[in-house]
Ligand code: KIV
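Only one chain comes next, encoded as structure tokens, the form predicted alone.
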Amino acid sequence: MMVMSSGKRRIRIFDTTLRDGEQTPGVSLTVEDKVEIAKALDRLGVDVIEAGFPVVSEGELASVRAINRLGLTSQVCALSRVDVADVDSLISCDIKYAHLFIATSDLHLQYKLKLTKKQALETAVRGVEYARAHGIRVEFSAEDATRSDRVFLTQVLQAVENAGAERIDVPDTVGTMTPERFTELIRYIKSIVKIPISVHCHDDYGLAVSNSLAGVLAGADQAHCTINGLGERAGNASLEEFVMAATRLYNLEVGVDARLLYETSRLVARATRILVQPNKAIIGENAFGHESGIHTHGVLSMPATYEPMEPELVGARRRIQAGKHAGSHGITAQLKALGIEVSRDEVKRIVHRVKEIGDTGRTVTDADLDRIAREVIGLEKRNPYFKLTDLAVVTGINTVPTASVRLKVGDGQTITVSETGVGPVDAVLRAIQQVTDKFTKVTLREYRLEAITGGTNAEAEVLIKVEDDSGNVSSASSTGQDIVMASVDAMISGINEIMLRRSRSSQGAESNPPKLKVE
């Protein structure tokens, strides 16, 4: 049992985002993507980075090699079956830490591997011995361990320990365990083997984090996790949830810098194109978001009333959302962030208008709130930081969708760029971002299109959410018959709101124009 000088028990984090996480249906990462994520995981402080499964493709082999050559502080590991050809692929990558596996359940042996238990045991031992003979340290996984015959599972684990494995991993491959049963299984295995134990839990019943915590409390000292809970089917144990629950609720120690969780989550979401669900614990957009008037009043008075941890602990920010449940305290705080001071009577009228919009089923965006407040108190419209002055879009059957935009920037300069995309909307939004990225890095977090009326001339509403590299999030919407123009209007409005927030936080005034970044 590893104990820190603080007296807390130390749990290792084995990150498998680049291997099991990439097995998420529809996800395929380039070598460059995987290298960038590996560097971020190293900064995050995970103990092990499972770089991939090198035997599956040339690209995967190249990724593992590239990551292994980075000289990271985290250990670099790669997956391999207990097969000579697989292990040879690790050797060609100069991998020194391997995650070797073979299934041990009757179900897998009969229908997938077509092996007897004796054959499977012998294959496991040969694979471990071959890896060890080539100087590779081995963590051995008994795939589908939690549905395996316990007598046979014990035989395999003891055999690979004797063959030189330095750690055994207990996977709940299809997520069928409960914390109580997993606790009992890990305690049993710990009484049989003398080497350290890892746990690898899947989320098919939503219990991956709970089972992982149960496993480490029962004696395992390492948990396999993925950023954003990515993985096969319902995914793996979420690294963010496991780390924060382990440290905050169970007083365990990990090497992860929790302040980097939010930015690492966003990096992985961008690379995989798998958005984080808004209500995802720890790193979801709503994890520290509040709309209810009762909640916002409490949070603004004392954050602990409705927040179990400070958002800054995980690199996130508190967010107050306008809506039909909003109250005067929350709306006042939002307006203050926008540089708008209101009287008690004015905020009541603004709240009333906000609730009217909410009652129609519409989302009240940041741009909506700004507009409503200015109308109520008689302020002029803001001069936008970015203003569209020209737009041309070309698309067709044999034509790559291309958009050319011209934007006027706050200091008077005009910038024209062209960009391609998978469709006209994608092309034009990419072009806008190419301009605005010269001033601040803004990522499109959410794009939603809803038809308001029927027919070919239907009115449609576009709602977008954007986020900058400082964690500022802004929302805006636009309605019209032209989807491309509605998308442009919403995108530029959202980015202008971001620029306003950045200006107020860094300079204390909204009038200063953005400055062009010199690359």
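Predicted model, so just to flag it, every value in this text is computed and none were measured. The first residue of the sequence shown is number 1, and the count goes up from there.
There is another form of this protein, the form predicted in complex with 3-methyl-2-oxobutanoic acid, and it is not shown here; the text below is about that form.
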note = Counting only non-hydrogen atoms, the one stretch of 268-276, 299-307, 251-259, 169-177 within 4.5 angstroms of 3-methyl-2-oxobutanoic acid in the model of the complex is 169-177
Contact assignment for 3-methyl-2-oxobutanoic acid in the model of the complex, among Glu143, Asp221, Asp88, Glu161, heavy atom within 4.5 Å = Glu143
query = Exactly one of Arg445, His295, His329, His99 has a non-hydrogen atom within 4.5 Å of 3-methyl-2-oxobutanoic acid in the model of the complex; which residue is it?
reply = His99
inquiry  = Against 3-methyl-2-oxobutanoic acid in the model of the complex, would Val428 count as a contact residue? Criterion: heavy atoms within 4.5 Å.
reply    = no
query = For Asp20, is any heavy atom within 4.5 Å of 3-methyl-2-oxobutanoic acid in the model of the complex, or not?
reply = yes
Leu79 within 4.5 Å of 3-methyl-2-oxobutanoic acid in the model of the complex, heavy atoms = yes
request  = Select from 178-203 the residues with a non-hydrogen atom within 4.5 Å of 3-methyl-2-oxobutanoic acid in the model of the complex and write them out in sequence order.
outcome  = His200, His202
